[in-house]
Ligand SMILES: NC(=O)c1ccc[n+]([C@@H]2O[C@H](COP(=O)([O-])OP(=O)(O)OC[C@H]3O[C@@H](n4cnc5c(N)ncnc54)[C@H](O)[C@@H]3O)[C@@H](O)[C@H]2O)c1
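This document starts with one chain, in the form predicted on its own, laid out as structure tokens.
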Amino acid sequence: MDLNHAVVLVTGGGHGIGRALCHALATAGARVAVADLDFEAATQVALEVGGLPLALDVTREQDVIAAIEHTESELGLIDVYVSNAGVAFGDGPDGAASAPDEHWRRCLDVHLMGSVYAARAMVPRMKVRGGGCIVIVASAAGLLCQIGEAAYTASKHAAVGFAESLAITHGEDGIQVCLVCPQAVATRMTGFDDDGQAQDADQGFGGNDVDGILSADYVADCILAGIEEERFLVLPHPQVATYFQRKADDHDRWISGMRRFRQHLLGDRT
């Protein structure tokens, strides 16, 4: 897909990967709608890229529809919808199942239903227009597992499954699906500010630095390449493919290895 003059709506566009992606898209010549729950941040990024700011809670279907309609009235028909908004809360004090219900619901609502609502609105539009692209920014946690983040991991697995279903069902309709699964990225979720500067060494997921923390700008470039090359799976950390293969080859061995890795992380914190 040629992104020059394309209309792109990016959720979670006010910070992190979304912010970097809005800048990269604008540089590529796209017209960008910057959507975020943090409208002040969305407005700032929109000013920086000459885009359209949108206040959006992706867990509200009517709000998603309204954002799409507003974007199309102001910028033109949407060519690419990027479902990027994300949240994380950590496990509860007693492990994987002990996080409060509101954290589980929020992860599922943002990571899964935010993409479902977008697809419900965009797929019929794209089918009529002869095609388009839906980008779902999931996580390597959706292929593997994020230690200490059961709700995040489960919801990202759901996002991966939904992306696969979209691609299988609507590929013949000319709809490209691009699934992005990075490991650690220098964002607020891993204890960095929007300029990639470390803010809190104790924040974020366990094992962040095992394969290096990538810059949001680098991940944004990977996403653009995936869209332009019409690839389904984008792995900014390429070693994730090896880990995923090992998991598939011997799931029991992989679980044992992850247990050892968890104990290593717990030892580092004592």
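Note that the structure is a prediction, hence the values are computed from the model and not measured. The first residue of the shown sequence is 1; numbering continues from there.
Note that the form predicted together with the named molecule isn't included here; everything after this is about it.
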Just one of 91-99, 175-183, 69-77, 115-123 has heavy atoms within 4.5 Å of the named molecule in the predicted complex; which? 175-183
The single option of Asp38, Glu48, Glu228, Glu61 touching the named molecule in the predicted complex, heavy atom within 4.5 Å: Asp38
Since exactly one of Ala151, Cys145, Val110, Ile134 fits, which has a heavy atom within 4.5 Å of the named molecule in the predicted complex? Val110
Whether Ala158 contacts the named molecule in the predicted complex should be assessed with a 4.5 Å heavy atom distance threshold; does it? no
Please determine whether Arg106 contacts the named molecule in the predicted complex, using a 4.5 Å cut-off between heavy atoms. yes
Please tell me whether any heavy atom belonging to Ala138 falls inside 4.5 Å of a heavy atom of the named molecule, as the geometry stands in the predicted complex. yes
Using heavy atoms and a 4.5 Å limit, would one call Ala163 a contact residue for the named molecule in the predicted complex? no
For the heavy atom contacts within 4.5 Å of the named molecule in the predicted complex, list the residues of 82-112 involved, in sequence order. Asn84, Ala85, Gly86, Val87, Arg106, Val110, His111
